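Below you'll find only one chain, the form predicted on its own, shown as structure tokens.
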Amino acid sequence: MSMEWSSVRWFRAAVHVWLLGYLTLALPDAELLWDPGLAPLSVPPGIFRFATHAFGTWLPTNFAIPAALLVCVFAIWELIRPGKWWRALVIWTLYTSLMNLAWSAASGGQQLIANMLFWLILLPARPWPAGSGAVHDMKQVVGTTAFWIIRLQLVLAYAVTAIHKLSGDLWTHGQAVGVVVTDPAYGPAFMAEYPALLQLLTYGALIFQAGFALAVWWRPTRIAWMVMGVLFHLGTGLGMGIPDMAFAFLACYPIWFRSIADGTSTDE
């Protein structure tokens, strides 16, 4: 397995742009998001907490705003001169704590980004210089492994979501989108007048998420599925009021972009 350096550059940039956008929009609501009166996040006990990507919440609430500003500065720094593992470590550590301080407002998209930020600690930003030896070989193994874990993380996120939906009745019976649009918290309610369309959208979303894990491996289907993904996430992000989650998933799409750009990709 090889690295796709074009996709790495686009992916790193997209994730840090998302991070800047999310924190910039979150700062005006800092007192609500990082409220010291909010119940703490529940984490696994003892050593098991370190098996998660979050490690609980350790950042004091009065340091939340400075921490968010520092993450923004480091994210800009990464956009200009990417690739320092220690900056990536600081970004991931502070971001995950901020996310868990505001756990009641967190989404699957924020958790996806937290996962991606962890693997960016190990993912190089540019090709390794020519060389040989155990250290050089180990760097290549670690970097390539991180690259493929990131790719597979996006695939698994869709696969797990699809499996969860298939375990219930609303999605398999084509009723899920209809339930959402009639919920006053989401809408739009006028779509309830078009039951056939709602059923089509329900099955379409299910096919998209269930098929992504297979479609992404071949260039023609990958392009089609990512186009569907853009439409799906923009629709849910704007229609359901969860743009952070929508753009978090779209920010991860560039990890596959090199294969879309041309037919000479080494992963074909």
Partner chain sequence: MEARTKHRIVIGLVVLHVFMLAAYTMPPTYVPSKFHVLSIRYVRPLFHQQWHLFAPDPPLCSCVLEVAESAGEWHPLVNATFDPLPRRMARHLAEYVQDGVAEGDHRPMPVLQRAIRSMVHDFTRETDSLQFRLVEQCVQDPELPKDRKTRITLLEFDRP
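Predicted model only: the values in this text are computed from it and were never measured. Numbering follows the first chain given and starts at 1.
Below, we turn to the form predicted together with the partner chain, even though it does not appear here.
Taking the partner from elsewhere, no residue among Thr93, Trp218 and Leu234 has a non-hydrogen atom within 4.5 angstroms of the partner chain in the predicted complex. The single contact residue among Leu79, Leu89, Ala125, Ala192, judged by any heavy atom lying within 4.5 Å of the partner chain in the predicted complex, is Ala192.
Proximity of Leu32 to the partner chain in the predicted complex: non-hydrogen atoms within 4.5 Å are present.
Heavy atoms of Cys252 never reach within 4.5 Å of the partner chain in the predicted complex, leaving it off the interface. Ala26 belongs to the set of residues with a heavy atom inside 4.5 Å of the partner chain in the predicted complex.
Heavy atoms of Met245 reach within 4.5 Å of the partner chain in the predicted complex, making it an interface residue.
With contact defined as any non-hydrogen atom lying within 4.5 angstroms of the partner chain in the predicted complex, the contacting residues in 151-185 are Leu152, Gln153, Leu156, Ala157, Val160, Thr161, Ile163, His164, Lys165, Ser167, Gly168, Asp169, Leu170, Trp171, Gln175, Ala176, Gly178, Val179, Val180, Thr182, Asp183, Pro184, Ala185, given in sequence order.
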